[in-house]
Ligand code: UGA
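The chain below stands alone and is given as structure tokens, in the form predicted alone.
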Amino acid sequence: MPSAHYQPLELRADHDHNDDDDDVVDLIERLDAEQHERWTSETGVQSQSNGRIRYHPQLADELPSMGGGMAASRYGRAGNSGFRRFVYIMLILLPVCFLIYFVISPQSQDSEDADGDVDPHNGIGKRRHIKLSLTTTRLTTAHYHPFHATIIASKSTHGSIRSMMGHALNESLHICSESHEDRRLYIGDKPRSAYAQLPVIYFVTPTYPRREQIPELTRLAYTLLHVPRLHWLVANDREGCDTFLDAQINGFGIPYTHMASPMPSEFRKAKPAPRGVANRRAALQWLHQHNLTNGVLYFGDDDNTYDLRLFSEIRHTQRVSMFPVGLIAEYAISGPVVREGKVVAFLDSWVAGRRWPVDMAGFAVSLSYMAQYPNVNMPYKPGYEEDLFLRSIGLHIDQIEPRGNNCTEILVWHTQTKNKKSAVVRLENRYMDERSNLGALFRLLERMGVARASESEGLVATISKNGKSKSHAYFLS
């Protein structure tokens, strides 16, 4: 320890004295009066009224390791000074510990998926119902997304909601490809022209590269092919455009916009990461840039399952419509509680202080209503994206329109595909030519991110006939 910690009391009194010291010393003296008196009689150390101490010279012989007269001075103040330092340290550490706990707690209670991203509705484990304490907003700048709203710790939460929602989106967009032409001749049993007067549904789909990406988007596309007057906004979480995905989406003949909307780099290593937020923000910015005030906005994930009736239900939304979502967390359901045709509360096993405890797939918004709120936003706050978005458009509970037969039917399911790494299959390059289909097949799989062939890695490909496997050369040479 530094020698200054052991200065005699007469030296410390000149420059270390303050009112807090007096209060602590008085408290200690009141509590330990008897012990102090007994210690004085046993050691020979006596206190004087001026705060200094005197001691018997023979104490130096009894405490040789402390070094003569200074030893007695140290010994005389050890109990007082040591306890005082302990009190000071605890007074500093306790508030810091509580602050750290309440800042980290809301996110740490969220569960994480296999990729370490938050999913408050994945049904794993128990949910502790915690109250969200929003703090001030910080604006940061990145090379691709000039505006990022995040939550940081603050001593005061006054006006925090207003601060968070007080800035409009200002996203930079990278459009990969786009088509406003609907090339479908018939939709259902009617020609496309029969639906010309319907409001357009803007179906926003965040997606990201993985081996399941193309299969899931293909499955979703074949659902959307049955929906008239729909514009599909596909926002991909990658820096550049995916030309293969471009061709896939364009081939369905649905009006669409494909954009690259990567997650800002500062959030990629966060646990949990705010997956899908940059994608949805980019779509909101696209809508804003096109000044669209007629139609309906819906956030549709690429791995959910949709009943076709959902699109008919949400198409005529006046402000915000809501409906139950199946396969959500512990209750296996999330949605509004409806009495006499009015939404009065919400059923969701993960409340966490959210005013609007709903799933992203559980509501649709009228663009004419949203246009009244130029500062519409979706901050990077994992687990609270829906809640803060709905707050940014000034929603009141009496404005909600219940759908799905007063929320008694489930028209959307929160289905999920378990993500796995792309497969590697061992095949010799000499057999990947036009002599068989394998070369073209694996080149396609690699472009999709599903699998790739390698000469040195992965399991050896088994090729069989009549239940018996043979060497590659047997079939391919």
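Just so it is clear, the model here is predicted, and its values are computed rather than measured. Residue positions are given as counts along the sequence shown, with the first one as 1.
Beyond what is shown, the protein has a form predicted in complex with the ligand; the following relates to that form.
Decide if the three candidate residues P206, M263 and R275 all line the ligand in the model of the complex, where lining means a heavy atom within 4.5 Å. Checking in the model of the complex: P206, M263 and R275 are all within 4.5 Å of the ligand.
Among the candidate stretches 377-385, 179-187, 316-324, 398-406, which one is within 4.5 Å of the ligand in the model of the complex when only heavy atoms are counted? So the stretch in question is 377-385.
Between N279, S366, T257, S334, only one gets a heavy atom within 4.5 angstroms of the ligand in the model of the complex; which residue is that? Checked against the cut-off, the match is N279.
Which of L287, I214, A221, M360 has a heavy atom within 4.5 Å of the ligand in the model of the complex? Only one option qualifies, and that one is M360.
Although the partner isn't part of this model, could you tell me whether D246 comes within 4.5 Å of the ligand in the model of the complex, counting any heavy atom of the residue? Looking in the model of the complex, residue contacts with the ligand do not include D246, since no heavy atom lies within 4.5 Å.
Heavy atoms within 4.5 Å of the ligand in the model of the complex: does R210 have any? So R210 counts as contacting the ligand.
D237: touches the ligand in the model of the complex, heavy atom cutoff 4.5 angstroms: Answer yes; at least one heavy atom of D237 falls within 4.5 Å of the ligand in the model of the complex.
D301 versus the ligand, in the model of the complex: is there a non-hydrogen atom within 4.5 Å? Answer yes; at least one heavy atom of D301 falls within 4.5 Å of the ligand in the model of the complex.
Within 4.5 Å of the ligand in the model of the complex: residues from 412-435 (heavy atom criterion): If the 4.5 Å heavy-atom criterion is applied to the ligand in the model of the complex, 412-435 yields H414, Q416.
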